[in-house]
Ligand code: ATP
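As a starting point, one isolated chain is supplied in structure tokens, in the form predicted on its own.
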């Protein structure tokens, strides 16, 4: 907490409380960097006797006078005449948050609250907050209503086995894979909705791009075609990048975030054209096979910016995706190079087709009985998409491990802290 009693100019009285990021002692004075509300402020202590028991990570309060200088964070420093130790460091930390060489990510995650004090993380999660705020503002400005859907559900949203089961009183329930079915139903009364919230996927693999609990932006809109949806998400991405670089350029430069290639219009490549290109470049893919990581890396390095993969085969998409014909769907994935950022498309709104698709996917109709009911009361044509917040943040910041951009990541090996 910083209080400056007047303008930021030489001689103005100031008080501050925060935790110590670093201490640099000289013979007759010391420089302390203290963190106040995620921002760094430099203190100059002319009487080193005041430093009694003050160490890195301690919580202190100080009062003194302001001195303007371009050498200090924020353009000023506080020359201290009183300093009080509020919370003493009672144990040697397992690593130095200011060290040039970091310990393993597992050690840092085991001590995550300490790790989050690193300047890199202070900047990164400020950027994340800006990103989420910009998502909301863009969708609000386009007439979308923010909603919250249940995270304890009775059956799978998308089928499959990647579910976390739990007991709900005397019944079995699951953590939601996505808000998919609820957001579709909500287009009936509200037309255009979005949600930013957690999703849970019990996938046993542990990669640099997957989490068991992540945050997703989910969007659904009545009367939106596949092209409308791609235009919406393209405009969203461009606005997000513009907002982040306009408001947080200093943070992005400090963490050495990459300048992303942003084409005037995101290219659209059908799944069929991509497998043809891969075949011409030594990767034989049969129509209907999923694109593997090596396939996406090869094609992604060829494109080197944002693009869409459209018209995925029916067998590769969930039961609720609208078919275009007997082979492909009205669907898309948004990619940056080889990384999938978003998946979406038009949805089935005819209950007879939805029932047929559920049977074809081997899913019991009784488990989706409540979801089918609204479709008999005039369900509008609709479509939408989901975008992983952590994956988009990885792209923006250049992080190569998704655990770095999650406050407390959860994966197949990590349930604590």
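Numbering follows the first chain given and starts at 1. This one's a predicted model, so the numbers in the text were calculated from it and none came from an experiment.
If you look for the form predicted in complex with adenosine-5'-triphosphate (ATP), you will not find it shown, but the lines that follow are about it.
- Note on the interface: of 202-210, 233-241, 163-171, 102-110, the segment with non-hydrogen atoms within 4.5 angstroms of adenosine-5'-triphosphate (ATP) in the predicted bound form is 202-210.
- The contact with adenosine-5'-triphosphate (ATP) in the predicted bound form, taken as any heavy atom within 4.5 Å, belongs to 342 out of 342, 329, 226, 248.
- Between adenosine-5'-triphosphate (ATP) and the residues 149, 270, 121, 214, the one pair within 4.5 Å by heavy atoms in the predicted bound form involves 214.
- Residue contact with adenosine-5'-triphosphate (ATP) in the predicted bound form: residue 388 places a heavy atom within 4.5 Å of it.
- Contact check for residue 23: every heavy atom lies farther than 4.5 Å from adenosine-5'-triphosphate (ATP) in the predicted bound form.
- Not displayed here, adenosine-5'-triphosphate (ATP) is approached by residue 402 to within 4.5 Å at the level of heavy atoms in the predicted bound form.
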